[in-house]
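Only one chain is given next, in structure tokens, and it is the form predicted on its own.
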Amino acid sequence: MPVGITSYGAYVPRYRIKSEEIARVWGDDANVGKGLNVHEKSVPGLDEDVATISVEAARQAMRRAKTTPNDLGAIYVGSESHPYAVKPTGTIVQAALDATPFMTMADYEFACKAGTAAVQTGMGLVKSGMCKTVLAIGADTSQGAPRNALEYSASAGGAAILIGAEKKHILAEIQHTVSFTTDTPDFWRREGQKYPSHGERFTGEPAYFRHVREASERLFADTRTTAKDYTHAVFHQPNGKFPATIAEKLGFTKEQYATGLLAPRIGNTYSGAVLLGLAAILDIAEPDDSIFMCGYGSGAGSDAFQLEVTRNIEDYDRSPREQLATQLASTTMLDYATYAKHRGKIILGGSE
């Protein structure tokens, strides 16, 4: 039985801060952000969090879907910045969609690949016949300590993927997926800590590059494909440099990965990053286009996917008002002080 994406939605806050502004405040003449190929990043509004971002993305997905919220059998929200430590984000999404309460749901965590893990779970439930449709979401309002390199990239955004099995509704069939996971502690945040710690150069090799490479090469082997067999490719993007590097090492060209590479414009949206890149690709994809996708989460693991776009994409609402590019074109720039206020970095009266 085929299984695939039957609708999708994306949301990125309109607020931005340029890497030059962060560098100016901290006297960073080299501008770490530009070295990472992150020129500006998205910043959540004062009233935005993972729940509101997930709701916005989910509403767009359902608005364009051929099914209704009452067809949902499960909602999974992947994030490492859920607003509550004990209280599922998915319940808020379910209420906002006015969806049936007769469903299963869970919040997922696996650093930046919690969203792709949610997609894999949805595939299994739909393929088994347990659920008609599943909503998988990856969203984050990621954290970066002041003056840390992460402050140049940690951003906000998310995407929602509706997974189903009805051939007449599938926009992109998910033909295969594989994962590669090890205990590689390149990035972590203990309970109660506001900002994460990271292994600096260790986060490249043996963390990001090894896991993405292993998952990608196994998918190539399983499907008997190479980079040349794909129209588009999208990778997890902790910055604008890493995905371009691994893509080219695997044999992909800039033309193949350019559409899904959003980090230079919006930073690292963590659990939302690879799914937002996929949304950007689906916004312009043609029937029979093949898509290679590989997510990554610190700790560490990668999920790789092979997708093929169907003719149903031609009848799907991809008008300018629904495209991610339209959202990204409407921005409001912030200075560092306003950004710090948005991110709770300013302490007033002894409390945040």
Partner chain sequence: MSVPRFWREIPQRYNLQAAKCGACEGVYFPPREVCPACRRASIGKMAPMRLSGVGTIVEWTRVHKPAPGYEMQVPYTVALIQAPEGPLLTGQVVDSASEAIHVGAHVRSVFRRVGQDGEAGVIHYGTKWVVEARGAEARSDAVPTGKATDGKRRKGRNKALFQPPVRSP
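Source: prediction; values computed, not measured. Numbering follows the first chain given and starts at 1.
Not pictured, yet referred to below: the form predicted together with its partner chain.
Between the options Asp289, Asp49, Asp28, Glu40, the residue in contact with its partner chain in the predicted bound form by a heavy atom within 4.5 angstroms is Asp49.
Site annotation in the predicted bound form: the residue of Met105, Ile92, Ala117, Leu261 reaching within 4.5 Å of its partner chain with a heavy atom is Ile92. Its partner chain is not shown here, but in the predicted bound form it comes within 4.5 Å of a heavy atom of Asp98. Heavy atoms of Arg24 never reach within 4.5 Å of its partner chain in the predicted bound form, leaving it off the interface. Proximity of Tyr84 to its partner chain in the predicted bound form: non-hydrogen atoms within 4.5 Å are present. In the predicted bound form, no heavy atom of Ala285 sits within 4.5 Å of its partner chain. Segments offered: 289 to 297, 29 to 37, 61 to 69, 303 to 311. Contacting its partner chain in the predicted bound form at heavy atom distances within 4.5 Å is 61 to 69. Contact with its partner chain in the predicted bound form, defined as a heavy atom within 4.5 Å, is made by none of Arg16, Arg213 and Phe242. Interface residues of 323 to 342, taken as those with a heavy atom within 4.5 Å of its partner chain in the predicted bound form (partner not displayed), are limited to Lys341.
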